[in-house]
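In the form predicted alone, a lone chain appears below as structure tokens.
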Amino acid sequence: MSSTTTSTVSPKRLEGRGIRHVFDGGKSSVPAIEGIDIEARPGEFLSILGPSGCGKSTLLYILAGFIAPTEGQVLLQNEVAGPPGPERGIVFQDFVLFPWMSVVDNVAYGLREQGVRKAERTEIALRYLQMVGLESSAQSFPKELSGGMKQRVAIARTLATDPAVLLMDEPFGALDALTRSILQDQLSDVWTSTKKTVVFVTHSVEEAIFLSDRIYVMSKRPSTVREIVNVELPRPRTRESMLQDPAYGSLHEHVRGLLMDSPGS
């Protein structure tokens, strides 16, 4: 996979301050998030890790601007962030590709919506397809791709619009273990190349440690931040080097313990 494409947009700081969210069910309300402060520093790979149903995706959608928090605010580079926009690109767990469009046209879709000329957007789309190792599938259609290939198209499509922050909602959660491992490697390479600010939601301790600079470990619902864990393992990381590092075992055990002992209901 090539890693020659670089970003023209500077990475930005994304913050959530005092984020609280309650789902209003009419006769009853369900508190999901209870007073979370979170900061993704410019160019940082930050993971949000927590048990299933704890509100990780809800927090990510609040940071993206899709959900308005009950309390608190989201800031992008110290300014209050508005509705969803091109500066905050998001990759979902579901691929959400247009089946009637070719791979290259799927990747170029956001650029088309921004009014970029066809020749230019095709050139940009092909560059990002090369970055994720799919340039040979540019003229294929989604039905011809595996799940892992579809997710790589989704990542390329989001990167093609050159967002300052990349938000990812368990993008590898539906994939088999081998494909997931391969895409983790590719995402690490992409991040190294682009230096995007990344906020990555996962429930996998191994995935969070392998990819991240820091990990926000969340409690069960209603969610709070149990601990912010620094991942100081050297980069570039491989699974072999990570497993051979004496610090990895204790770090894994510590993070896993935070999840196992998570308070809440």
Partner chain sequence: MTTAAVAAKTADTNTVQTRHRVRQVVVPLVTLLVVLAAWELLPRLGVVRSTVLPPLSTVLPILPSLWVDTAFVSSLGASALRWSVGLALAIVIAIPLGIVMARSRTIFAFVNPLMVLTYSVPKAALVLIFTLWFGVGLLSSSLVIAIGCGTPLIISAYHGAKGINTHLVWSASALGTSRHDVLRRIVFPAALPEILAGLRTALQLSLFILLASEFLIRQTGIGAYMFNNLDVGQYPTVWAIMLTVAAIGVLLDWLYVRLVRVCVPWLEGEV
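In this text the structure is predicted, and so the values were computed from the model without any measurement. Numbering follows the first chain given and starts at 1.
Just so it is clear, the following notes concern the form predicted in complex with the partner chain, a form of the same protein that is not shown.
**Student:** Report whether all of Ala174, Pro234 and Arg239 sit within 4.5 Å of the partner chain in the predicted complex, measuring from non-hydrogen atoms.
**Tutor:** None of them does, since no heavy atom lies within 4.5 Å of the partner.
**Student:** Within a 4.5 Å heavy atom cut-off, is Arg121 in contact with the partner chain in the predicted complex?
**Tutor:** The answer is no: Arg121 has no heavy atom within 4.5 Å of the partner chain.
**Student:** May I ask you to check whether Trp191 falls inside a 4.5 Å heavy atom distance of the partner chain in the predicted complex?
**Tutor:** No - in the predicted complex, heavy atoms of Trp191 and the partner chain never come within 4.5 Å of each other.
**Student:** According to a 4.5 angstroms non-hydrogen atom cut-off, is Gly82 in contact with the partner chain in the predicted complex?
**Tutor:** Heavy-atom contact with the partner chain at 4.5 Å: absent for Gly82.
**Student:** Does the 4.5 Å heavy atom contact test between Asp94 and the partner chain in the predicted complex come out positive?
**Tutor:** Asp94 belongs to the contact set for the partner chain.
**Student:** Looking at 221-229, 64-72, 204-212, 32-40, which lies within 4.5 angstroms of the partner chain in the predicted complex, counting heavy atoms?
**Tutor:** Of the options given, it is 64-72.
**Student:** Could you work out which of Gln186, Thr179, Thr161, Gln130 is the residue within 4.5 angstroms of the partner chain in the predicted complex, going by heavy atoms?
**Tutor:** By the 4.5 Å heavy-atom cutoff, the listed residue in contact is Thr161.
**Student:** With the partner chain taken in the predicted complex, which residues across 91-120 come within 4.5 angstroms through any non-hydrogen atom?
**Tutor:** Residues within 4.5 Å: Phe92, Asp94, Val96, Leu97, Phe98, Pro99, Trp100, Tyr109, Gly110, Arg112, Glu113.
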